[in-house]
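Single chain ahead, written as structure tokens, the form predicted on its own.
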């Protein structure tokens, strides 16, 4: 299939010789959801900013529906929508006016702007609260408003940078359903996330990114199938105890890796392996059994876990800090 977005050796170096994106290349096919999965600081947002022409690459280029982000930025901006991490809506304006102004910025007449505003708000299930001030919206409503603002000009490509960041589980699930519906409408989506479950549930293909480099790419099934077997996680009180137990289990022929105070034992069948391990588990604090998933892939590739922590009231915090800066 034709690439809707094709990144070619993108590099971004910030002052101080900080390389945020390091020779990144990928192809997003038309109509698919392609996810960049990685921890905070991995280079996801910088990549999105370059693809949306908000940042100029230090080197490399990308083509969005055939248009160069370096040579044809204005053409790129007409065909993309972007949902940034940070809030862009005005707290003291209504949801309607936020979306309407966005439509007018794209040059639509009043009647056309009103029509598109209504359609975008309706699609995001916000029409019934359109005349309320944004400051009264919940975190999930605000994030849906950001998406409505990005869709008002009916873009063919949509970049969504951590769209569910800080949302509760119910709001996150609702947004997942809306993202799936956007795909059904034919929109090509680039999604960045550090939520493993989100990438697995929504993505046609996933690129795992860490320290500015893509270290693995494929469908969620392709990535997890490379690991095989099951994982028994043995959590100890300290790294020293973990290392000692790892040495004993390795001597018995088990495939063991140590990550801080946790041992990960890879076995073909955890139920059969546990009785063999039982005599050695007296100092184990906790035992967990997992099947291969994207978090396990990340752990295998980097030796670190893909942490999912995010303050529950992150939206409220961001709103507060924006007001303090005024």
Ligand SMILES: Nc1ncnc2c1ncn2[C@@H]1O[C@H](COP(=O)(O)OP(=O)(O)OP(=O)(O)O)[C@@H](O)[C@H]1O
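Worth saying up front: this structure is predicted, and the values here are computed from it rather than measured. Positions refer to the first chain, counted from 1.
Below, we turn to the form predicted together with the ligand, even though it does not appear here.
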Q) Is residue 42 close enough to the ligand in the predicted bound form to count, meaning some heavy atom within 4.5 Å? A) yes
Q.
If we define contact as a non-hydrogen atom of the residue within 4.5 angstroms of the partner, is residue 198 a contact of the ligand in the predicted bound form?
A. no
Q: Look up in the predicted bound form whether residue 20 has a non-hydrogen atom within 4.5 angstroms of the ligand, and give yes or no.
A: yes
(Q) Given that the ligand is not shown alongside this chain, does residue 293 nevertheless sit within 4.5 Å of it in the predicted bound form, heavy atom to heavy atom? (A) no
Q.
Whether 29, 123 and 150 jointly form a contact site for the ligand in the predicted bound form is the question; each needs a heavy atom within 4.5 Å.
A. no
Q: Find the only residue in 205, 142, 194, 174 having a heavy atom within 4.5 Å of the ligand in the predicted bound form.
A: 194
Q: State the residue from 94, 180, 154, 85 whose non-hydrogen atoms include one within 4.5 Å of the ligand in the predicted bound form.
A: 85
Q. Based on heavy atom distances of at most 4.5 Å to the ligand in the predicted bound form, which listed stretch, 297-305, 61-69, 33-41, 269-277, is the contact stretch?
A. 33-41
